[in-house]
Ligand code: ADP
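As a starting point, one isolated chain is supplied in structure tokens, in the form predicted on its own.
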């Protein structure tokens, strides 16, 4: 990759200094001494003049070699005084002519060369500035970053947790290495490979690994870099990108965030004439036009495939879609092992336990987790990173940064303690809930005054109706504990109520888990498959159905709240003893509460 050097003012100062030295040398080399006319007559009478050039108002001449002594110059000039000079010259047999000697060479050396030198400095400066900020003539050039194998330094060994996606891409690698093996039977590699998945799952890293394994150039560009305010600029950059790729074939073109460029046409305010759609049209034309046998593979990544233009996804363009999904527990272990190579960790580290504590995390989250644990170990002046640092790093990533300096009055601390114990006791009393790992009343994040950490023992992809109901009861356990102990409720259950309502609404509208509403799907809104975005668009059911759905959601919430109240009333002693312990220690393990519950059951 070409290295760029920033322009420095020292380059200009050095050039000016060199010009002054050259000019001084030229002046000294061609210097002419001015003498009085009487001195000219004396030199003439002594026979020391070799030749002269006469003009209308001056005489310029050159002395003989034997007449030049130290401190004198060979060239001289004097002012012409009378018209009898020619007679004197004839008398003393001195050759003369009636024109001044040409100074073209001298002018060239003293003026033209410095001008060219200054022009060269200016051109050098403009070229360097153009490398930092493109000018008007370079607007149509693509901004793709070109990586070679040495710059990438990434292969499939550096990518873990996406084994299925790697198996799909091995075929692309083999084609780039040995294209003849595929073409001899008439086969063609897919023109485009689209990597689809949530943010942070490693789509860009996977594309770089393909280039690293294939040992071919890698053109990387974001979809938003094609479109700017000048009309036609995006289309020009698309053409230039494919032209450069064909020159460096075999190679890989990678377009990140394809949804910024490939959004479905005709859904914008400006119709089909905006710059983005023209750029998309040019991309479609280029994908149809280039020959797949030349070794140019187009790869792209997006986390919003549902908004892409259908023309991009048809066979012959991005005809192979590879899902890069969130890793499961086994895949998280593999990802953690890759990142643990870069830090000094204890040998007896339980990677399986750490992977079970991070459900739903993607590769980027796990990389951040490892880094946070390493920073905690440095703060504690430890030589190696241990399990306590990793556990605290998980809490920081999930719940936010601890704020031990936040002052909370004793009454609020007591409310928070009973609230969190309410979650824990209900979760430990109901079957099918995630085990309680830790309870804390130390404020974290923006608004969390405490939290109850539950970690699943295994990855779950399906949940039964009973499990969802128990999850709602667990979320409402904090509010129920406040009502039982203080005969009042606080605003601390805001997030719990929101999550419980979402689950109940999904049970009624999406999962068909309501007897009165029936097995009907009412969530007609268009939602993102991989982003946690809210619904878009209007619902498509009557007001009577909407009222029925609201009543069912309210019934589910009220029923589970009553269940949480019953459980906590029976476990009032556990609630009191656990809250007292939590207020004293500020942070307790789930096993401690479980032990208290077992002790109370025996008595």
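Note that the structure is predicted; figures quoted are calculated from it, not measured. Positions refer to the first chain, counted from 1.
The same protein also has a form predicted in complex with this ligand, omitted here; what follows describes it.
Note that among 156-164, 478-486, 423-431, 115-123, the stretch whose heavy atoms approach this ligand to within 4.5 Å in the predicted bound form is 156-164. Proximity of residue 198 to this ligand in the predicted bound form falls within the 4.5 Å heavy atom cutoff. Taking non-hydrogen atoms only, residue 364 approaches this ligand to within 4.5 angstroms in the predicted bound form. Although the partner is absent here, residue 437 lies well away from this ligand in the predicted bound form, with no heavy atom inside 4.5 Å.
Within 4.5 Å of some heavy atom of this ligand in the predicted bound form lies at least one heavy atom of residue 205. Note on the partner interface in the predicted bound form: the residue among 193, 335, 211, 280 having a heavy atom within 4.5 angstroms of this ligand is 335. The partner is absent here; in the predicted bound form, the one residue of 320, 339, 77, 239 having a heavy atom within 4.5 Å of this ligand is 339.
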